[in-house]
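The form predicted on its own is given below as one chain in structure tokens.
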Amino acid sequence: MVSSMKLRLLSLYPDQMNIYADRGNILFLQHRCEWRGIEFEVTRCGPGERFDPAEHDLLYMGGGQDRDQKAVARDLVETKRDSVARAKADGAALLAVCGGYQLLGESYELEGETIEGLGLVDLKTVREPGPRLIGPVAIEVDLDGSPKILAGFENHGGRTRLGNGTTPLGRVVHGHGNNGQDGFEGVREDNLIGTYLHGPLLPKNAWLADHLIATGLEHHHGERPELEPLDDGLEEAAHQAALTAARNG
């Protein structure tokens, strides 16, 4: 039964990578678990700290300022790359937002410096001349054969380009997306999701939160549960408000 289940979340660099209220994504996941009687455990993992990938079902990393992202990138590669890769390979869910998303790839070229990333997915980010890509955004996503809309807010100077064969998270309906040119936003591979959508993302898109919860529970318990429906009236109103903002540009 779902009520006997437990979800173990690992928060990577919660103090350094928490711009635009990204920590709210964790609180939302916690509430949706607790409302269903699912035990929820959060472990923080900061600079210099290592972790056992077998002890976590969902990994989360938000966005940060450029200086924080540079420092985090070095530490991420030196102390956590192998563990993150093992967690992904073992079926844990992974959500990375903005700066965290950029660090999933091969590199981020910023102000003449190339920052090495985790290399989990084939993508590169470059800070190119031109304005930041800012504003409400909506994308069409299909994770399970049923297309849905994600709505949020983007604010990034980097332009991310996916390698050949790499799958975007979704197609841009309104807004800029990865680079403002190719019409794609984010990345997904197995249980990994990377996106530029801030706001925070999950309270405006409760279905994605439940997708992550179910994936994490499957990792922990070996079976994907049917999650109890919740009264999502407020969440749906937040989604519609974000979608309207994106439509109005």
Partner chain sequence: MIRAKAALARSVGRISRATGRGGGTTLPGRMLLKLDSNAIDKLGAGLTEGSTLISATNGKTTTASMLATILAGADRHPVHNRAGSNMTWGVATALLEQKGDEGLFEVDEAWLPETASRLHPRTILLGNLFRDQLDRYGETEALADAWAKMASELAGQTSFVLNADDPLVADIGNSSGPGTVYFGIEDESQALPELQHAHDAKLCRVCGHELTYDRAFVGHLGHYWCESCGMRRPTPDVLASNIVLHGMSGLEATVDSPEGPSRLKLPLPGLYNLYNALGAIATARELGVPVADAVESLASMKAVFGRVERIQVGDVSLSILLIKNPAGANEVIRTLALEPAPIDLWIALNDRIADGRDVSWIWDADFEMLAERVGRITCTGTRASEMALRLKYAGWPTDRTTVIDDPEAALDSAVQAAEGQLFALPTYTALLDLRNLLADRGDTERYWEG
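The structure displayed is predicted, hence computed values, not measured ones. Residue numbers count along the first chain shown, from 1.
Form predicted together with the partner chain: not shown, discussed below.
Undergrad: Heavy atoms, 4.5 Å, the partner chain in the predicted complex: which of 218 to 226, 201 to 209, 186 to 194, 53 to 61 makes the cut? Say which one.
TA: Only one stretch qualifies here: 201 to 209.
Undergrad: Find the only residue in 42, 45, 214, 27 having a heavy atom within 4.5 Å of the partner chain in the predicted complex.
TA: Only one listed residue qualifies here, and that residue is 27.
Undergrad: So in the predicted complex, does residue 5 come within 4.5 Å of the partner chain, heavy atom to heavy atom?
TA: No.
Undergrad: Report yes if any heavy atom of residue 108 sits within 4.5 Å of a heavy atom of the partner chain in the predicted complex; otherwise report no.
TA: Residue 108 lies outside the contact set for the partner chain.
Undergrad: At 4.5 Å between heavy atoms, is residue 181 in contact with the partner chain in the predicted complex?
TA: No, residue 181 sits far enough from the partner chain in the predicted complex that none of its heavy atoms falls within 4.5 Å.
Undergrad: So in the predicted complex, is the partner chain close enough to residue 175 to count as touching (4.5 Å, heavy atoms)?
TA: The answer is no: residue 175 has no heavy atom within 4.5 Å of the partner chain.
Undergrad: Taking the partner chain in the predicted complex, which residues of 213 to 249 have any heavy atom within 4.5 Å of it?
TA: Result: 231, 234, 235, 237, 238, 241, 242, 245, 249.
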